[in-house]
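Below you'll find only one chain, the form predicted on its own, shown as structure tokens.
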């Protein structure tokens, strides 16, 4: 009798375990379903429901991401975020900017709390693997050095034994370490958490040189008390392709951000700017397709309006307009540089001679 009772108890316990396992399995399947939903567009849905795009940015790099005299977030990278907001919400100002230090960039992307990052960020293989997905390169750069003119240094190879200010947790710091090792420079590397601190330390004489992207050196020098007292050395010690990044796991959102960058690039290639965006068919197949007037490049599949590019270009401008507004005043030149549009190839839609290029919208 005792034996039978024990058997019954064991059977009941086994049944309870089976039920519990089934419930757990259903919960796991439910979680998997949510993840799959995220991968097919739940981030877009969340953005539309909240009414704004959350964008990680810089607020202390002139030209790229900074606060203007009125306290507004502005710059080249900032306008890339605004372009995405115009595409998905119809309002380029529907952006929540989250100032992010260089060291915070990876964790902020991995957390999934940021919809996109547009913060003078270099595309590398390790970041591609662990941070998120990189959209087309929007600015080609390379790392250099700035020194005080009074020190009479004309080459980075003359910096042996020098102290160099650099941003912590960046490719810049890694490149500096490689440059030091490869050339036996015996440098003293002095890392800082943010751009402002690095600049202040350099200006205070705590470092003999400051290193960052060439564009950043130009931007920083523009804010120095006497820019003419400093010189950017001629060497470029790295490749720094800069662009926007989105978190892993949502292919639809990645496709949207890539396509918005392409809208900016192709609008300039086709001669369309914020003042002449067409609202009726032009007879030019490529232009009509871009602006949703005839044909499609997959807007419906991405969850965009057919005319999304009209909102983007009217409200933000094309790639060239964004560049000229924020970067040309710093002295950064496009003509003849890698940041001109792609090759001057023998076809009607292939202007003009640089590396700014995106997958065709068709």
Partner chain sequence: MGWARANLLNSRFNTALTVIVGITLVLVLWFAIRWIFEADWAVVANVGGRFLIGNYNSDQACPGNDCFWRPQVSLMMVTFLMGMGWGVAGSKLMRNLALITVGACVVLAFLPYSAERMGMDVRMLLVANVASMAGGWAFARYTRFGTVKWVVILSVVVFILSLVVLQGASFLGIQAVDSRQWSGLQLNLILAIVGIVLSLPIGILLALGRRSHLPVVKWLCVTFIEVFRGVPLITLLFMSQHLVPLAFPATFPRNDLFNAGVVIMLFSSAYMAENIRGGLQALHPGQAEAARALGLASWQTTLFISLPQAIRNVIPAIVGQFISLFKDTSLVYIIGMLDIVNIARKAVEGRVEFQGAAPEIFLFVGIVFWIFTYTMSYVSRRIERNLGVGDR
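Positions refer to the first chain, counted from 1. Quick caveat, the model's predicted, so the values are computed rather than measured.
Absent from the display: the form predicted in complex with its partner chain. The rest refers to it.
**Student:** For the chain seen here without its partner, which of 196-204, 281-289, 136-144, 268-276 has a heavy atom within 4.5 Å of its partner chain in the predicted complex?
**Tutor:** Heavy-atom contact with the partner occurs in 196-204.
**Student:** Tell me, out of 333, 46, 67, 301, which residue has a non-hydrogen atom within 4.5 angstroms of its partner chain in the predicted complex.
**Tutor:** Only one option qualifies, and that one is 67.
**Student:** Just to be sure I understand the contacts: of 316, 55, 308, 61, which is the one whose heavy atoms reach within 4.5 angstroms of its partner chain in the predicted complex?
**Tutor:** Only one option qualifies, and that one is 61.
**Student:** Hey, in the predicted complex, is residue 72 touching its partner chain, heavy atoms inside 4.5 Å?
**Tutor:** Residue 72 belongs to the contact set for its partner chain.
**Student:** Check residue 212 for me: does it contact its partner chain in the predicted complex (non-hydrogen atoms, 4.5 angstroms)?
**Tutor:** No.
**Student:** Is there a heavy atom of residue 76 no more than 4.5 Å from a heavy atom of its partner chain in the predicted complex?
**Tutor:** Looking in the predicted complex, residue contacts with its partner chain do not include residue 76, since no heavy atom lies within 4.5 Å.
**Student:** Contact with its partner chain in the predicted complex for residue 219, defined as at least one heavy atom pair within 4.5 Å: yes or no?
**Tutor:** Yes, contact at 4.5 Å.
**Student:** Listed by sequence position, which residues of 110-126 have a non-hydrogen atom within 4.5 angstroms of its partner chain in the predicted complex?
**Tutor:** The stretch 110-126, when checked against its partner chain in the predicted complex, contributes only 113 at the 4.5 Å heavy-atom cut-off.
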